[in-house]
Ligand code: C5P
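The chain below stands alone and is given as structure tokens, in the form predicted alone.
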Amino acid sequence: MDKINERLILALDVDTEEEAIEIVTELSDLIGYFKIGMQLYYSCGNSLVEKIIDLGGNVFLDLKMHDIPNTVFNGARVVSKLGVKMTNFHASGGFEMMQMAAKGLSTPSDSSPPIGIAVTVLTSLNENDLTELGIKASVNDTVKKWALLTKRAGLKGIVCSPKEISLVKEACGEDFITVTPGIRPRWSTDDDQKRITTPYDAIKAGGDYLVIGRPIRAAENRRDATKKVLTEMQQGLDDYRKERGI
């Protein structure tokens, strides 16, 4: 990734196609990927995916598939035909499910498969939440274990908190992709994310892709807000390279 904006994913967490298209049209030259999650997809479906692609936007389809292996295989196979560039699955679905997800993404021979990643511990969860779910391991240990499982299953990376980037890279290698939500610029509020950090810190820690939503979507001037985020990210990348002599 040569340009810093290629690392920026904007969450299109809006209700209508009109809102989404307005944002994509306004920011398509500044944003690397537009993330379509459940809120928007359940409202607009595949037609919006196609429209954003037609406008030149790269789509991250964030549906977090989690089902029996054969169902996920078929879902991944269909998604791979849509032209999206990235999609995800729940690592808690297990090794076989993720293996079938990877197979489903690569099954069509007439298109380049999307980047397949797995969701580990949601950034809205902390140690107490894991305990309530019956998971005795710490957040860090759980993320690391699921990341290694994801890699073994053939997916390309994971979604994780920025605070887990370093341990994932150490466990799975620098080429293993990290997509990190829970990003809040210094001038923004925390909202409902519990494990958050700034764009600068996430990139400096070695993060590959950053997901940002409300700080850009709700800004009075979305282009200015995006440029401020990109500036923070570039500073983080410069310092990351400087520390490693790149």
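Between two forms, the rigid core is defined as the largest C-alpha subset superposing within 1.5 Å. So that there is no doubt, residue numbering starts at 1 and follows the sequence shown. Just so it is clear, the model here is predicted, and its values are computed rather than measured.
Missing here is the form predicted in complex with the named molecule; even so, the following discussion is about that form.
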Checklist outcome for this item: From I31, I212, M65, I52: within 4.5 Å of the named molecule in the predicted bound form by heavy atoms is I212
Next on the checklist: Given a 4.5 Å cut-off on heavy atoms, tell me which of 176-184, 200-208, 40-48, 23-31 is the interface stretch with the named molecule in the predicted bound form.
Outcome noted: 176-184
Next on the checklist: Whether E17 contacts the named molecule in the predicted bound form should be assessed with a 4.5 Å heavy atom distance threshold; does it?
Outcome noted: no
Next on the checklist: When the contact criterion is heavy atoms within 4.5 Å, does M233 count as touching the named molecule in the predicted bound form?
Outcome noted: no
Checklist entry - Is there a heavy atom of T123 no more than 4.5 Å from a heavy atom of the named molecule in the predicted bound form? => result yes
Next on the checklist: Aligning on the core only, does the CA of L125 end up 2 angstroms or more away between this form and the one not shown?
Outcome noted: yes
